[in-house]
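Given as structure tokens, the chain that follows is alone and in the form predicted alone.
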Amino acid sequence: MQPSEARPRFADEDLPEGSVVDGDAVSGPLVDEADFVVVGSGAAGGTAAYTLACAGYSVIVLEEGPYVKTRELVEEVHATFGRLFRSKGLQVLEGRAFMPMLQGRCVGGSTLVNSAIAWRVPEDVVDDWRASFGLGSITMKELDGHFDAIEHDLSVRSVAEDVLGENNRLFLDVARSRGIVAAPMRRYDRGCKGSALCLTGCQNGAKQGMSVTYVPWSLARGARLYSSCRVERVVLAGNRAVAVRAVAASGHVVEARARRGVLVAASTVQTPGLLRRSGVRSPALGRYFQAHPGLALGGLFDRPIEMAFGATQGCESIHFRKTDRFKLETISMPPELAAARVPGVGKALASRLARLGHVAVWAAQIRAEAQGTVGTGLLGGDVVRYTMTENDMRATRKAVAVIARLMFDGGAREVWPGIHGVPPVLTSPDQVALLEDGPLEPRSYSYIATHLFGAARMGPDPGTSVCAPDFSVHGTRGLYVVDSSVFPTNLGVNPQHSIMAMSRLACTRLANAERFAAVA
């Protein structure tokens, strides 16, 4: 038997012939047609395609990035960032501080490279959307049905004890010992082996991202995928969306015509620009951008931690979500990224690098109240401007102090805050007071943004929202937005699950409305 025959089979293999068109191989102009055209193949787009395909409609999916199969994934961080992340991971939010912003740019979008965390939108968030933003048609009861279906489809479950790993287990034990409510994460997981490689894609095919689930499942039901095809605009005939114009990586034009509608799932950052290029004019377009800026602390322990084994992100706490607007998480970093967090120079740096196996990394995501804008730069690229408020900075100070105390409680010899104006190495719990009184300057902290919301938000008033409560773009027929750009606010928890449920809700309603119209 040849080695290739001995390997396990993955869900992104044996796709129907002709179901995937690679933009690199397009040799001339192409025109295709379907009931619905979906822009984007990430959490929102993959869910939209599968929901509509299961309802019996023909679907075309357009994705700017490549279709990287499970067998093609590599552990090397630099290569992964170059192939799977937008702008090789070098995008930034511009403001008082420049904040790195990570987005997947590939089939499956960020679901290929994130930690597969499944959190239902908190009910208090839905209540706020209904009371403050006019979204009375969105109820927790209806969303729960969609969450149930997705969790069944994608095997959502808590991280198993045997793949928890020491980075996660230590956090869980210490948090609980201090009376902080904490638990293993619930994730899209079908047989996690604890390889701690979520950031570079799951080479075991266990993480149930869109590239191994809803996208290939949609193709099996007759959908067609155009990868490496950058969408330029939605084509409007009068006030109706009728097609999508894209340019393949080879340079040739691909036109996907939509008999029933176009669904935009290009992300909070890319959706506003696409709508602008398509002729949508709304005073709310690009406004009200929100995020969950995140930051992490490293801790050096006498005991082995070995972040190379265990779920990449396996434990969490929302203990402070309502009271202090932050959520605590574990995160295992590859050596290339973990090393960047190590303080010191010369022998001190070398000594710490030699003990990376004894380093734990714990993080906080801030439910920031700040709002920003998504615009277009001089060269046509997307520009996000965003500055955290003083309240956001106070939440940050408390979050890092809580993490530092937990690390010392767990036996840390050193804690590395990575904050300008604070000693790079803390060696005593008494020094945590320096974090509690730390700077309120955003530039002093090493944030990163991965959870993005708003910029095409939903509501009944065209003056303050881009999309109506039925997800349609105000004043335009047959054009819908189903990604997190329609969310009126951030959530305080990881958004992928909520993005998928909202997309499924939108597409289920759309499919039912189309059936009713056909009968009528």
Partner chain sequence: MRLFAFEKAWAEATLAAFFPEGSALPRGVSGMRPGEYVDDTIASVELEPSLGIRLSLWICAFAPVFFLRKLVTIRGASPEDRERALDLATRSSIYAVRQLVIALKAMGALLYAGAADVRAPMLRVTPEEHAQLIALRRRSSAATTSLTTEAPGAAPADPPSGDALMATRSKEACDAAE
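Residue numbers count along the first chain shown, from 1. Keep in mind that this is a model prediction, so the values were computed, not measured.
In what follows, reference is made to the form predicted in complex with the partner chain, a form of this protein that is not presented.
- The chain is drawn here without the partner chain; in the predicted bound form, the stretch among 88-96, 262-270, 275-283, 291-299 whose residues come within 4.5 Å of it by any heavy atom is 88-96.
- When contacts are judged by a 4.5 Å heavy atom cut-off, residue 408 does not count as touching the partner chain in the predicted bound form.
- The partner chain in the predicted bound form comes within 4.5 Å of a heavy atom belonging to residue 161.
- Residue 253 falls outside the set of residues with a heavy atom inside 4.5 Å of the partner chain in the predicted bound form.
- The shortest heavy atom separation between residue 246 and the partner chain in the predicted bound form exceeds 4.5 Å.
- Proximity to the partner chain in the predicted bound form, defined as a heavy atom within 4.5 Å, singles out one entry of 344, 429, 134, 191, which is 344.
- None of 389, 155, 351, 376 but one reaches within 4.5 angstroms of the partner chain in the predicted bound form through a heavy atom, and that residue is 351.
- Contact here is defined as any heavy atom lying within 4.5 Å of the partner chain in the predicted bound form, and by that definition not a single one of 31, 59 and 329 is a contact residue.
- Residues of 41-66 that come within 4.5 Å of the partner chain in the predicted bound form, judged by any heavy atom, are 50, 51, 54, 55 in sequence order.
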